[in-house]
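A lone chain, given as structure tokens: the form predicted alone.
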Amino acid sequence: MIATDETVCDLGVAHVRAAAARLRGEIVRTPTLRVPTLDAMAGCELWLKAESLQLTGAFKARGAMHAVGRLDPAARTRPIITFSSGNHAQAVAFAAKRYGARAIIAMPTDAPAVKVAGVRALGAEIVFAGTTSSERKAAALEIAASTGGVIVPPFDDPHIIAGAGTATWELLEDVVANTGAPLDAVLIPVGGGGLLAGACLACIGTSTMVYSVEPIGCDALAQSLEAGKRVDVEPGPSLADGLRPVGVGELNFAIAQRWVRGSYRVNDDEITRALVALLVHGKLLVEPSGAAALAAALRGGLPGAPRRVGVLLSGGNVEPSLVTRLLQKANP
């Protein structure tokens, strides 16, 4: 999709609100959690949105269910296709099964085994294609051309963005309901940027500032914001396998340019510390990608010393063997 100024203006908080209404009863309204020990470590109130407890274990179920649900019924008689390192793959497989459609997923050859198993358990067909997002996107386009199927992209799509934005929408509602006041800031992990773009839309009309978080070496959004245009990167090694795109989506970047107040880069040691601290003190397991925003929060030093900070824990699909290694390495 080409992101024009008109396209960006056409997307707003009303689209997120409408998506929330459509998804009611179709997804889990995940809890917003408080962990006093983590508050003390961060030096502020942390309001943790536990999307690791979402259907298929990640926020991606929101966008996939919304996008597939918005397809014309005739389109769902053809294969539903996507390209993903894992969480969106599982989400599209789940949505396709929910609507009785066939799903074909292009996944990287190094996709975590737990995510591959999750996709297969949902009845989807997997085609392995390279190790980068551009390689699996090319494979998905070839599959669509040969089958006549419909591609449900992982992030650069209005319905995906609006669906993803419902996570932040619920977080904002929960904080106001509990405190009578809004969040001062929200930290959002970024891969292709769908969750971030949705968060920006959800926060329109509020005083909540939106900040992005990426792994060091996989910082396509931060580099793009600094350059004033989209910049592709060669993703470096990172524990956060779900946050390693070549670049952010065009529509997502246009929204981020308008609303994101700052960007943070976190390293694997910080991600490990956050994941283990959440598991030990909050009794909640997330994957490394899901711990990235918390890693930035625990570092502290957000501009303006915000009192209430929202943190999106984006997913929880992690290899048990990796958790064992991280627990042995970290000192929460």
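All residue numbers refer to positions in the sequence shown, first residue = 1. The shown structure was predicted, so the numbers you read here are calculated from the model rather than taken from an experiment.
Omitted from view is the form predicted in complex with a further copy of the same chain, to which the following refers.
- The candidate spot formed by Ala42, Gly262 and Gly300 lies out of contact with a further copy of the same chain in the predicted complex, as no residue has a heavy atom within 4.5 Å of it.
- Checking 63 to 71, 267 to 275, 300 to 308, 282 to 290 against a further copy of the same chain in the predicted complex, the stretch whose residues place heavy atoms within 4.5 Å of it is 282 to 290.
- A residue is said to contact a partner when one of its heavy atoms sits within 4.5 Å of a partner heavy atom; Val13 fails this definition for a further copy of the same chain in the predicted complex, lying far away.
- Residue contact check for Val323: one or more of its heavy atoms lie within 4.5 Å of a further copy of the same chain in the predicted complex.
- Leu33 belongs to the set of residues with a heavy atom inside 4.5 Å of a further copy of the same chain in the predicted complex.
- Interface residue remark: Leu53 is counted as part of the site for a further copy of the same chain in the predicted complex, having a heavy atom within 4.5 Å.
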